Structures are given as C-alpha cells and as structure tokens.
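Next comes just one chain, in structure tokens: the form predicted alone.
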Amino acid sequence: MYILSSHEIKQLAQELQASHEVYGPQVDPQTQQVFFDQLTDVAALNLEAPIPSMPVKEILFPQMERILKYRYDSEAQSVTMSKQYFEKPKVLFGLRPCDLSGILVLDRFFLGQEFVDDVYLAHRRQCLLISNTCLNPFPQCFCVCTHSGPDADEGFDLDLTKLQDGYLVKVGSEKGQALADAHQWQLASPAQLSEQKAVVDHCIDLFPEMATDNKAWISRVMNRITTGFVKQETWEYIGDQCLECGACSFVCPTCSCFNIEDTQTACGECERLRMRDSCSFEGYARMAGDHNPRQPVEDRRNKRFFCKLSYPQSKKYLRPGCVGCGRCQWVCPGDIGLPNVVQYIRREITGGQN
C-alpha cells in the first residue's frame, strides 16, 4: 500500500486526462446535487462528496444509447450497417464502493455468462476503476447489510482512503500496480495502515441502528424470498404502494434490463436504440399475442425483490443483487425502497412485533 498527498491525487487525475476520459464526483454549484460525470477541470473533482444522485452505471450502460444504424436498399436488396458504439479509454475516479459493486454485478450479467454483450464490453474494456472509501454513511445507505461498503475489497484497480494527512492507496490489479511503479509512490507506514482500518471501523459505527439491525435480517429475508414463503398479502401490500414509475430500477446500480427499438429517421435510415427497461412497468413481461403473465403489480414487485435478494440471483452475480446504496429508498414515492421491504417481511416473520 502507498501514501499520496491530496495534491498528488489531483495530479494523477490530471495526468490520466491526457490519455483517458476521466469521470469523477462533482457538486453542481446551483443545485448542490452530486453527479458522477466527465471532468473538464480536475479542480471540480470532489472526493468527499456524497454518493451521486445517479449510479455510475450511466457511463457503462446509459439510459438510452444508439447502437446501430442501417439502411435497406430495396432495389439492390442489400443492407448497409454501421455500429454506433466505440471503445474509449476511461477512468472512473472516486467510485463509492457500492457503485463499484454495482459494476461487478453488471460485469457478471453482460460479460460473465453464456453470451458477451459487445456494447457493454466496448465501454468496459479499457476502463480503470479507482474506488474511494466512504468516511461517513449517507442518510439512505445500508451497504453494511450487503457487504458492499464502506470500503472496497475487490474489483478496483486502485482504492483510496482519506486519512488525516493524505490518501492511503491500495492496489488491486496489474494496471494499478503499473501506475504505482511508474510513479514510484511512497510506501505507507504501519501506522497509516492502522489509521485506514480505524477510518473504516469509525464509519461502520456511524451507521444508524436500522441499517445495522437489518444486517442480521437480510439472510432470513433472502431465505423467505428464495423459498417463496413471503405471504401474498405482503406482496399485495407492497404492490398497493407501488406507483409503477420505474424510478427504483433507473437509479439501481445493478438493474440491467433493457429493451431494443428500431426507429426510422427522416432520411430513410434506421437507428437501433437500446433503452433501459423496468420490471415495474405493466408491459414489461407482455408477450406476443398480448398475454401478460405479470400484469398485477404485486407480481412484478416480487420479481424485483427476487432479483435483488434471492439465492439463485446471488449465485449468478457472486454477490447479492442489492449493493445497499439506498437510492431506491431515496426516490420511491411509495416508500417501498428495499430497506422498507425488508422491514415489511421482517414484520411478517415476527407477527408485527417490530
């Protein structure tokens, strides 16, 4: 492990800008909202900002993306096509551990199974990941329940932890080690390693009781959801509160559902668009012939929470499908973010005792 000053961290970001698109957390001066966006000026990089409003997956898996253009010549009966996604070196600088875990889940979904998604691969292949330990839990966070924070333990190239005097830097890959070797960074002392552990422990102690208390309940809730032992009345209660807006899916770092649509432009060319989808939408599971096996909202809601908390999904992703960022709780107008759903199922188990 190495120790860098705050000035050296900014210098590193500036140096990487010469060869990469560098993205990082920035605070909008007017709204004070935090966005993880491309940096035009390294001075705007704010590593102490709260988690961004939108997950970092927006860079690797955008809300809407043009992936193909094609034109059909009916006289020649030929088609010309050109792909619209391109590989660019990029750095995600200052990722929160929950967003890093979200990227690892997306990697498993798009790259780690039978088929490889070329579009996602083009965005991901030359990507350098620099994570950043949280010093304080943010109001909606519960990453201690899902083993995805407040510090990162896998998946990063470099990992930063703010200490009293500088940043402790962990190396997690050959790319990260190459950077460390090229710059001949100073090795961290045993006292600085101890300070890093104390910073993480202090952050865990600051989590609210509800977050730490739910940690023990997550496994019981996962068991209930996996085995189908959650009562229908509980799903109906959750379904009654859902406004089917899809906000929970769009802010979730791990939601990966998408739809493909072809549209014709005024010049006769066709564009193929990839757009994120949400299982909360009524037409999500509609089939040809208009059959819809998941028309009741509660049937779609239990699908979402099965995806986040069941054992088969954890086996597929090699971790829970929820990373504990709490954005779903933050944006849900019906108050059925994942922490509350755990509470509802917990009350079902205890007979409403807590």
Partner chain sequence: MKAMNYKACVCNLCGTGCGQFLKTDGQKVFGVAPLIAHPVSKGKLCIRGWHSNELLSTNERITTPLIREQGQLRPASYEEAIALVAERLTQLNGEAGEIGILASARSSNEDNFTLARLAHEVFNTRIQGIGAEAGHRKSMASLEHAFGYPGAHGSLTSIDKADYILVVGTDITRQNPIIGGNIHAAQRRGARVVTLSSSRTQIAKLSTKHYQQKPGTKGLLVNALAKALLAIRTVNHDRRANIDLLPGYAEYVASLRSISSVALERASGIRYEEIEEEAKHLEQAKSIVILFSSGISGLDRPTIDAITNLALLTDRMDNENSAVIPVAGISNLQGSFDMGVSGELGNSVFKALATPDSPIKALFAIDHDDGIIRDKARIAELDFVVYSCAYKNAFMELADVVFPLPAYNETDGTYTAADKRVQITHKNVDNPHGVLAGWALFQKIAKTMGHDWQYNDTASVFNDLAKHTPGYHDLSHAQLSKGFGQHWNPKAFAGYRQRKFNAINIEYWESPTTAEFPFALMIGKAQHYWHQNNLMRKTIVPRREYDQTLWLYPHGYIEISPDDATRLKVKDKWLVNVHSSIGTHMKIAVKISPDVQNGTAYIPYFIKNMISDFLLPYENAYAAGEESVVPIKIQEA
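All values reported here derive from a predicted model rather than from experimental measurement. Residue numbers count along the first chain shown, from 1.
Not on display, but discussed next: the form predicted together with its partner chain.
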Checklist entry - Out of the stretches listed (249-257, 185-193, 126-134, 146-154), which one is close to its partner chain in the model of the complex, meaning heavy atoms within 4.5 Å? => result 249-257
Checklist entry - Check 5, 87 and 314: does every one of them have a heavy atom within 4.5 Å of its partner chain in the model of the complex? => result no
Checklist entry - Taking heavy atoms and a 4.5 Å cut-off, does residue 245 contact its partner chain in the model of the complex? => result yes
Checklist entry - According to a 4.5 angstroms non-hydrogen atom cut-off, is residue 28 in contact with its partner chain in the model of the complex? => result yes
Checklist entry - residue 14 near its partner chain in the model of the complex, any heavy atom under 4.5 Å? => result no
Checklist entry - Hey, in the model of the complex, is residue 339 touching its partner chain, heavy atoms inside 4.5 Å? => result no
Item to check | Residues within stretch 272-305 having a non-hydrogen atom within 4.5 Å of its partner chain in the model of the complex | outcome: 273, 275, 276, 277, 281, 282, 283, 284, 286, 290, 292, 295
